[in-house]
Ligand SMILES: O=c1ccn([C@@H]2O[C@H](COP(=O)(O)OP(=O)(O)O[C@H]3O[C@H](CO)[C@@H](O)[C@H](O)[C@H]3O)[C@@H](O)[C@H]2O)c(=O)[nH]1
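What follows is one chain in structure tokens, specifically the form predicted alone.
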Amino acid sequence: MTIKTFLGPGTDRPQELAAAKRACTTATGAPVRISVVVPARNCASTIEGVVAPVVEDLREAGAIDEVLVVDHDSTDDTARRAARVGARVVAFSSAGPTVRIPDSGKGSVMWKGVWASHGDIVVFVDGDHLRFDSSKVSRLVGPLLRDASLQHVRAFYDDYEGGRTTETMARPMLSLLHPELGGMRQPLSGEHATRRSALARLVFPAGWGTEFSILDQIARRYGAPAIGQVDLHYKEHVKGDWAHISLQAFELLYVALRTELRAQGRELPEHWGSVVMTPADQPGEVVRRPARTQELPPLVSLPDWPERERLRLTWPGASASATLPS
């Protein structure tokens, strides 16, 4: 099948997105609210360039309702810089439900970001973009406002020097497990928009397997027609080294195989390890790097979720200076 792909401008301008948003309501008849969530760790050099355009162009126009930065224990001034340009910042260590996450990674930050956000649609954007503009958020949200059958929209890019884990691991895994998603251009893109009701029903792997897992679970739960992709033209961001790529690929492989085995009603093999072994400087020696294989439960399964949703629905709206519950 062909993945729904959106190439045209659609809702690029803030006023166009704001008008499309006003025309939509939730199942209860309430106005649709949109949150942009930025997981960030030591992104002081880039975070303002990501947050400021979204705040100035989209939030001020009423096209989105909040920009939330989840600061993952940064040792630089990521949090201060994000707040300075209008983001609401929550600290990972204190945000969300009280759940112990000993091997936290990007997935656990995203999980807490869903909890802390207020939107009916949640847009994730990486915090390490070297060049960013607000139309990227607008393009991701537009298809969800126009097409009620969509649950998840992911970005792809015409101009992007990257995709090493995509080509060596994600695309082969999709070909094996989800050939119907073979048309996804960048299945591991960190830029995507999803309905909150869908995100709250997903298991979140704690580490790098999350981007693949979101696609995998939504395809299993809602079918490939519920997934779309949109052209964001370019991406320039900070790239990891090969040791980082190896760990990222391992965590993705672990998550993908675990989900497939569970779908078959099978347990994980007892001999499976959770350590990536790479050659050390001395011939024959290895470096052992623990992978993050923990996972976080669906938010809807938590006893505090109904109260969190009640508070969310009484949230008065976006304010750069407001103190809001996390």
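All values reported here derive from a predicted model rather than from experimental measurement. Position 1 is the first residue in the sequence shown; the rest follow in order.
One more form of this protein exists, namely the form predicted together with the ligand; it is left out here, but the text below deals with it.
- Per the 4.5 Å heavy atom criterion, the ligand in the predicted complex is contacted by stretch 124-132, the sole one of 124-132, 172-180, 215-223, 193-201.
- Residues 105, 188 and 248 are all found to lie within 4.5 Å of the ligand in the predicted complex, as judged by heavy atom distances.
- When the ligand is considered in the predicted complex, only one residue from 68, 43, 63, 299 comes within 4.5 Å through any heavy atom, namely 43.
- Of the listed positions (90, 227, 230, 109), a single one reaches within 4.5 angstroms of the ligand by any non-hydrogen atom in the predicted complex, namely 109.
- Though the partner is left out of this view, residue 254 does not reach within 4.5 Å of the ligand in the predicted complex, counting heavy atoms only.
- Taking non-hydrogen atoms only, residue 211 approaches the ligand to within 4.5 angstroms in the predicted complex.
- Looking at residue 292, you'd find a heavy atom of it within 4.5 angstroms of the ligand in the predicted complex.
- Residue 72 belongs to the set of residues with a heavy atom inside 4.5 Å of the ligand in the predicted complex.
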